[in-house]
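Before any questions on how it binds or moves, here is one chain, the form predicted on its own, in structure tokens.
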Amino acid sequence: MVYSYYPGCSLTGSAKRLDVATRKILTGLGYTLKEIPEWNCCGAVEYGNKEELLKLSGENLKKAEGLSKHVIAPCPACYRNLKESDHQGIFHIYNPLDLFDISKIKDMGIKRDLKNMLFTPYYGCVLLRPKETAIKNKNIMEEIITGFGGEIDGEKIRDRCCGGNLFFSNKEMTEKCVGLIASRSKGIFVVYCPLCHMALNTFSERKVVYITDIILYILGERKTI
């Protein structure tokens, strides 16, 4: 089955690494991806008018309809906006975290494990709430990490706001939010949100990676995490 793929603005720019890795992993898991033609910005978190924001995302769904009503959107903000704009509920909209399957990843050929490595899986605001648009498996990053021998920390702060939406208007608040998250966790930060990656990478001295970096490392596609 073909899936419409919506990369969104960040995955064609600062988060290009996430886009490339996500496509590679999903293709390896057996998904056929077709990028939505002439897609437009979803409005993300910067657009002040909610009605206009959903209208922008609705345009992307119209463009996807000719490919497939099964739509994959990696960016959490894009994913949420597309889901909220599907007023009639005729599309099936997925974040790749809902499609990652440990058993199928193992079938792709495991080259390395995560033994003696400590991680803080950090989901941020959007992926885990509200329930209407949240991902189905709220522990998928933990399952991937521990499933390949890694250790987990930071359970209590995994859904705290990083302040990333204020990055360009109130950096002091973003720095304060990141400082709180960093003070209550240990190990390598693992994220799936480009905005969270930017905030944590800017205001934390700890290493910040995408969960896709870890998967590719396990598969032998990356030399280091």
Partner chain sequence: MTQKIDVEKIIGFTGYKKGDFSVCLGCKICASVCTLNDFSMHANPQGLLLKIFMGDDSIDHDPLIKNCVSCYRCTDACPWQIRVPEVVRALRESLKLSSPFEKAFKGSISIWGRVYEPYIFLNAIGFLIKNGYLKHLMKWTEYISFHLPHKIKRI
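Numbering follows the first chain given and starts at 1. Quantities reported herein were computed from a predicted structural model and do not represent experimental measurements.
Same protein, other form: the form predicted together with its partner chain, not shown, and the subject of what follows.
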- [ ] May I ask whether Lys24, Lys136 and Gly154 all come within 4.5 angstroms of its partner chain in the model of the complex, judged by heavy atoms?
- [x] no
Margin query: Check Lys115 for me: does it contact its partner chain in the model of the complex (non-hydrogen atoms, 4.5 angstroms)?
Written below: no
(Q) Considering non-hydrogen atoms and a 4.5 Å limit, does its partner chain approach Lys171 in the model of the complex? (A) yes
In the model of the complex, is there a heavy atom of its partner chain that lies within 4.5 Å of any heavy atom of Tyr31, even though the partner is absent here?
no
Any of the heavy atoms of Lys69 lying within 4.5 Å of its partner chain in the model of the complex? no
Among 143-151, 128-136, 85-93, 102-110, the stretch whose residues bring a heavy atom within 4.5 Å of its partner chain in the model of the complex is 128-136
When its partner chain is considered in the model of the complex, the residues of 157-194 having a heavy atom within 4.5 Å of it are Asp159, Arg160, Cys161, Gly163, Asn165, Leu166, Phe167, Phe168, Ser169, Asn170, Lys171, Met173, Lys176, Cys177, Leu180
